[in-house]
Each structure stands twice: as C-alpha cells, then as structure tokens.
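We give structure tokens for two forms of one protein chain below, kept apart as structure 1 and structure 2.
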Structure 1
C-alpha cells in the first residue's frame, strides 16, 4: 500500500498530511512553528506533527513510502538542505532538513520550494489539472507563483515564477525586495500593511487595526483584511482594489507573453478572498489582454490550506505514477 506524507512548513504554522495512493487525505494536522531556537527545533516540531498525523491515520511513519516537504527559504533539493529561511528562527546557514526528518521518522524525505510544491499540487490534483498550461499566482505575505507548461513547472535556471516581481509601474512604489514598481509592492500583504500603517499615521481612517486587535493579531492577516472588506471599510476596499489592479496587470503581462490556458490564484489572501476576488482580477485583466475575446480561465486554487502539504507529498517517488494518475482521473470525474 502506497501511503505517503506531506509537510508544508510556514512561518507561523506547520501543516502535515497523510495520503493514500488515490490521493485521499487520511489525516491532517496543523501545529505552530517554533518562533525561537533554530532549525533543529523546527525540524523536531515538524517530525512531531507528521508523526501525530500518521498516528491518526493508523500508520507507522517508517511504513510511509516517503515524506515530501515544502519549505520557504533557499531549498537545495539535491543536498536535502535549506538556507536563508528568513521567516524561521535563526535559519540562515544551510541545515540538512531532509536527513534530520528522515532520521526521526524512518522514511525517505524529499524537499521542495513551498510555492513550487503548492503549484504542483494544483497542477496535478487541483484547479490546474484540466489545463496543459497555466500561470499560478500565490497571493499572500509576498506574491509568489509559477508557470506550468505541458503539465510541468517551468523552472528556468531555478528562479522562475517571480510574478510578484514583474514590473507594472516603472519607478513606482518601493517593493519589499528593494526594487520599484513590482506587483508585490502594491499587492503583497506585508507591503499593504506597511502602507496602511503609514497612511494611518498620516491620518487615514480605517477599521483594519481595530479588527486586528479584536482578533488578537499583530499583523493584518488575510482574515483581518477579509473582515474589514465584509464591513465595507473604505480604506480596505481601496487597498484591495489597488492590489487587484496590480495583480491583474502582472497576470495580463504573463498571459500576453505565454498565452496560457488558465490562471490559478492561491496563497493566504487568494484563498481567503476566494471566487468574488478572482472574478475582480479576471475583469481587471481584460483591458490589458492582447486577446480579450478569449481570456484565460481564472480559478481559485482548489486544495486550499492543504495545497502546500498535498503538493509536497507529490515529491514522494511514485506519487504521480500511472496508477496515481488514473486515480486522479477518477477523483476528477466524481
């Protein structure tokens, strides 16, 4: 029996899943990411989370076919190490994450880039599965993404998919990356928060920070922003409309270059705001499209909060075997 694990490592949470060979989720578990210590502590927490999920699925971790991990930072898949994971505690130098997990869990571990594996998940099992080619845009703290061509992620020289750093306004707003006029400078959660804090200092009115405090948060999370939009907070509406226009211009540029069949929007904000905002992005793309008479399909990522962990599990050898592909087709036809 081909049972596999997947772990999505994020700055605030660790998501683990256990799946069978027909991609059924047997168990899923979420835990907080350690905010102090170092890579070794994070790896221990990851192993514990995965082990608990396996227990819930009634399978020993040593019996797993393998475990896939989606990680932030710089992932060296061949060496099994991760470096420069800046949202994780003291994780600058390369740490042998695959070996550390494998030793604790008794199963082989494969590493991949967090957004990359989520995109693979959508391509194989989610909103992208019906398309030969699509562009994925992960709308969250930053803006990540990727390009899937002939059902495979196009990697370029290893740094492709930076749709968040496509230029939509030369000499425009300063981006967190230091450059100017990137999509992310207008639409990334962190960039929007920075702008909102500055605007409030200068007298702008918004309920965003009240909602944040009421929710006991310290950041303008996707949930905080969604709540403010629900309450029709004028500032939040303006902020998100500006983000939608920036995302739409970047996506339209990508579509004009590649003429892909579809666009898939995921990430914390993308998933939280969902279909109504995907529709707004779709509409805002039209004025920029070279072939507006046949725009690409625009979908919200389907695997939701599990996209990263499920996508990571596809790194396990055999997960995309012909039998697995067959199972996928049956799932699709339901």
Structure 2
C-alpha cells in the first residue's frame, strides 16, 4: 500500500495529512500544539493527530508506507532526534522523536527540518516547481527560510537559509534567539505577541487579546491576527505593517546576494494573510533591491497551510519515485 503520512509540527499547531502515491490528500487534521509538559506530551499529541487523520482516510497507521515529520529546532535525521525546539514546551535536550512516534503508530518515521521540508514540498509540487532558483520564507511563530538553487535545496554546512536571523537593524529589537535586530524580532508571531503584551501593559489599545479569548486561544494565532486585521484594529495593522517592512528588507538582501528568480512565502501567517500581504511584501522589497527593474516573482505557498505536512511526507522513501513525479500536478482533496 503506497499511502503515507506527513506531520507538520509548529509552535501553535500540529498538522497531519494522509496522501496516496499520486500526492492526493486523502485526509487531513489539525490540532493545537501542547503549551505545557514536554517533548513526550508533544509527541503524544502528534501521534493522536496523525492517527485520527488515518482513521478518516480509512487506513491503519501500521499499514502506512511511512510517516514524514517536519519539526522546528535542531533536527538530527540520522539519530531521529530533535533538540533546542525553543518554541515548544521544555524542549531543550535531544528527544528521540522518530522512535517515539514509530512506537505509537507502528510505521517507520523520517525527520526533517520544518521549513526545509515545506520548501521541498513547494519545490517539488507547489509554487517553486517552475523555477530553477528561489528563496522561501516561512512566516509563523518564528521566521524560517531556505534557498533552492538548480532545483535543489542549498544546505550549506547545515544551517543555511536562516532568513529570520538576518540582521536588518544593528542593536535593534531583541530576538528570541538572544541577538538583536533580526527579522524575526520584528515579524515572528511569538515576538509580535511579546511586544503586544508589553505595549498593552503600557496602555496601548487593541482588540487582539479580546479576539484571542473569544476564540478560546491562549496565544495570538494567525487566525486571531487575521481577524483583528479584518476589524481594522489600528494596533494590529501597525504591528503587521512593521513585520512586512522587516520581512521585505531581509528578503531583498537575500535576493541581492543570490539573484534568485522567485520568492515563496508560506507559514501560518504567510498562508493565512495570503496574496494581499505577499503583494505588500513585494512592494516593500523594491526600494531595497539592487536591480528593482527586474524583481523576483513573489508567490504565496501553493500548498498553503498543508505545505509543511505534504513536504514532510516526501521524506518517506519512494515518495519521489518516477510514478510519483509523473503525478506531481494531481494534488486534490479526496
């Protein structure tokens, strides 16, 4: 049976998908990432989410060809472990995530970096497949990124594509990484929430936290922020415009260095805010580009909020077989 699973682990959500050999999505399920406990609690939630998606697809998890997982933090694919996942609860030391999931689900598990696998998904099946070279930026709890050159993801010595930690302002805002002036310090969802809470304590007015409570959320999720923008909340508008400027400055510097053909924007916020904000980022990049007369194309991730989970599923051996490659354009919900 050539049916596989994919899990995208994020700071606020766990997204699971079940796909067939032609990359058709047979079932998908989304759940909230635990905010307390530790790696074992997160792994249990991931396993439950994938199992529920498999049940909806009417397949037993033990019958899956394999399961691919995209995780934040430092991923050691060879050992099957994840460490330093700073946006997840108490996840500092290496944890054998692949073994923990495989034991619960009864199928082999492959691990990859969350943004890296999403980028691979867009390069193979999505918005990047038409380009020889592009930069991906994943706008979510943090700011992740990656570079594709000659249809292959450039890995460098193992830490390439960290667009979120490009410095756009010396001695600027403190980033979650401990440094100052990074793109993520201005545009990452977690950093924006930290700033918003501090500003509210100082008297700033915003509907963000009222919307959060009404939605039953404990964090300013992409959906909360999108709703505040719909309501034209002045603080939310300012916060996102500030983020757009930071992202544009970082992306423009990457484009000036690499001269890629395109930019693909994904992640929870990137996908939720969509084309209107991709256009804002495109416009804000122009003043910073060395060759503004031939800017790169800017696209929203074609696989949307499923980019990470679908990309993770491509880690399963055989997922990129010749038969699968022939079916690359056939992604459809069942």
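Between two forms, the rigid core is defined as the largest C-alpha subset superposing within 1.5 Å. Positions refer to the first chain, counted from 1. On a predicted model such as this, the values are computed, not experimentally measured, just so you know.
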Checklist entry - Between 1 and 2, where do we have the form predicted on its own? => result 2
Checklist entry - Among 168, 191, 301, 221, which is located at the hinge of the rigid-part motion between structures 1 and 2? => result 301
Checklist outcome for this item: C-alpha based rigid-body angle between structures 1 and 2, smaller part relative to larger, in degrees, is 14
Item to check | Core-aligned Cα shift of residue 18 between structures 1 and 2, given in Å | outcome: 3.4
Item to check | Cα displacement of residue 61 between structures 1 and 2, once the rigid core is superposed (Å) | outcome: 5.5
